[in-house]
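Take a look at this one chain, the form predicted alone, written out in structure tokens.
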Amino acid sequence: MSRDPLALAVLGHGLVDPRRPWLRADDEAVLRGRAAFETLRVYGGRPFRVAEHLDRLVRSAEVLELEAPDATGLAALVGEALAGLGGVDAVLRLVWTPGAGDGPTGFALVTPLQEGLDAMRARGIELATLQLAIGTTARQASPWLLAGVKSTSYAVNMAAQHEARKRGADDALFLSLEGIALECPTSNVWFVEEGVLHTPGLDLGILAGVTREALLAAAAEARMEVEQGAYPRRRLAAAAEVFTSSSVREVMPVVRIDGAAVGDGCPGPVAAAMQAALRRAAGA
């Protein structure tokens, strides 16, 4: 499958050629990584929870002190970008930059899905834990660290994933200075302990994932007991199941952490149930 963009729609221009440049070189999105974005999955031509992603884009832009995003205009761009693609399964990115002298730039970019996600889900993934040099209390009290904000300043997140791959893992899991599990670079984390589903609480400064909210709703519908809190790494390592959740990868079972097996070392039933519930919610 071609990795070229499938479509691009830009505010004020509509559907455009994705091979042409549409950001000025002096846009702070380029110079300083100062921009907000959202990434969501498209199922059969239908984007999943656009309104929720746009709401979070607005919140991120506010923290970054950007001009308020044109949520209505961006929602219309989504329709334009997907209109000619039929029932495609893809990735949709919404980006809002400060622009450079002529006002903000907003665009909707559609790209192919990463290959091999279903195979990865079937075998499960390994996480490598990476400890941050900051405690949970300090992180909560430091809004300038942009905890919970979807900013294009993603170099640290990408470096973390690169380090995890160097260690032979598939993804990274951030720990606080005290060893509390926080989140992965692009996903939230969950674990099952004595039949109870656990996930780190938002008060730890983690991202309020849209897929995370969908899974919380699915767990409530299934009358599954769920707890949110601060959990040390050892709790996850000893859990019956661990999995991650994100818009693009969906629910991804974790079968190893730092080289040690989680549970029986195989994808578990709760992860499978949550994946099925997510697909139902998406109408897929």
Ligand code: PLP
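Residues carry their position along the shown sequence, with the first being 1. The structure presented is a predicted model; accordingly, all values stated were derived computationally and were not measured.
Not on display, but discussed next: the form predicted together with pyridoxal-5'-phosphate (PLP).
At least one heavy atom of Thr186 is located within 4.5 Å of pyridoxal-5'-phosphate (PLP) in the model of the complex. pyridoxal-5'-phosphate (PLP) is not drawn, but in the model of the complex it has a heavy atom within 4.5 Å of Val210. Put simply, Ser153 is far from pyridoxal-5'-phosphate (PLP) in the model of the complex: not one heavy atom of it is within 4.5 Å. Using a 4.5 angstroms threshold between heavy atoms, Ser246 counts as touching pyridoxal-5'-phosphate (PLP) in the model of the complex. Asn157 is the sole member of Thr137, Asn157, Gln114, Gln131 with a non-hydrogen atom lying within 4.5 angstroms of pyridoxal-5'-phosphate (PLP) in the model of the complex. Checked against pyridoxal-5'-phosphate (PLP) in the model of the complex, the residues Arg34, Arg233, Arg256, Arg56 give one hit for a heavy atom within 4.5 Å, which is Arg56. The stretch from 99-107, 201-209, 121-129, 75-83 that comes within 4.5 Å of pyridoxal-5'-phosphate (PLP) in the model of the complex, counting heavy atoms only, is 201-209.
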